[in-house]
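Coming up is one lone chain in structure tokens, specifically the form predicted alone.
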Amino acid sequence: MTRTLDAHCEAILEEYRQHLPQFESVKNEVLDLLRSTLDGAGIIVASVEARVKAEGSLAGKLELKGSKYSSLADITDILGLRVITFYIDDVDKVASAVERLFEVDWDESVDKRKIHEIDSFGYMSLHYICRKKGFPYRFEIQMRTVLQHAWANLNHDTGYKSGVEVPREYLRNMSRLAGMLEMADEQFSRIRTELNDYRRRVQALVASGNLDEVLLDGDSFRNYLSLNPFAKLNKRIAAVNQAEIQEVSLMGYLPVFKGLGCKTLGDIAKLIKDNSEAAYQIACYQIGLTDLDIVSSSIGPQHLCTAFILRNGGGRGGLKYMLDILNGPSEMNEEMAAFLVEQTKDLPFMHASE
């Protein structure tokens, strides 16, 4: 597309061409710095993007309003970056990081989140105009959430802001959708805050030993495992052969304990207390006459669950259920369940109530 520019705009365009390599270099520097800073601060974002305005795009801008710029330095979006966050409150965290990295031109920066028009959701970005030492041109960093970014792109694709008159029914539907997305954005952040509060409460309850008050779920079980609740039994079993204990993840036992009826961490603690002796008897029978010198840290919980199932009449079906959860369903689990029943039928714990 051929554009007609006056001498002033052509001079700005020529200045752009001369400094384009510098813009590209600074783009990479700022992009790397932003990514490493956010990563170091533990701020997880959806993406960090950067671009240098194409010559055709700049020419179009100059053709429309070139007279308002005295030089290339007046155009603040030649270099533009965008940080897309998952949560609303992370936008402010990213902004804080940007403020520490660069000099922010507050007079030119805009917080569009303070706009409260009914259709403004997708335009609620935080825009900082920044300066970097040793680089004479300012650049723009936009910060917005994933949902805000999606909305802005949808608006762009549908031509909602194209200047073409849109039928009232479509405007109303777009405004309703904007409200729904804004509410979703707020709720995602609220849910994350509440979950973090819940996790802190769980950690405090587990640390204090109030296990009966802690419902059994992924977070609480993970915190419980940090107390090494099976360590005493594992060490006792390993001592039979003076074996080394190899640590493995025990999170796979969460659905097993739930399946056995445990609803709180206190239920697991009681299961350990009531079945440790039986679990030890099973382990002694299985490894006592072997030269096994390495055992998994799962040996304790597996024998605890085995003992609980057998002592409570679960038999082969209960054992197969446990093995299917731990190993995945297979015919071998049926055989192993039958073998365990046969192995343990004469052990003392099976006749303790007789």
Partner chain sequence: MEVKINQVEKVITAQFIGRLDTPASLEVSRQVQPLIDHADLTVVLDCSQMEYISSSGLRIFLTIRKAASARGGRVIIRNMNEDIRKVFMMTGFLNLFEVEKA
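Positions refer to the first chain, counted from 1. Since we're looking at a predicted model, the values are computed, not measured.
Another form exists, predicted in complex with its partner chain; not displayed. Remarks below refer to it.
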Checked 57, 312, 327, 37 for heavy atoms within 4.5 Å of its partner chain in the predicted bound form; positive is 327
Identify, from the list 244, 107, 169, 194, the residue with a heavy atom within 4.5 Å of its partner chain in the predicted bound form. 244
Is residue 287 close enough to its partner chain in the predicted bound form to count, meaning some heavy atom within 4.5 Å? yes
Classify residue 339 as contacting or not contacting its partner chain in the predicted bound form by the rule of any non-hydrogen atom within 4.5 angstroms, answering yes or no. yes
Can you work out whether residue 346 and its partner chain are in contact in the predicted bound form, taking contact to mean some heavy atom pair no more than 4.5 Å apart? no
Look up in the predicted bound form whether residue 292 has a non-hydrogen atom within 4.5 angstroms of its partner chain, and give yes or no. yes
Name the stretch: of 319-327, 62-70, 23-31, 41-49, exactly one has residues whose heavy atoms fall within 4.5 Å of its partner chain in the predicted bound form. 319-327
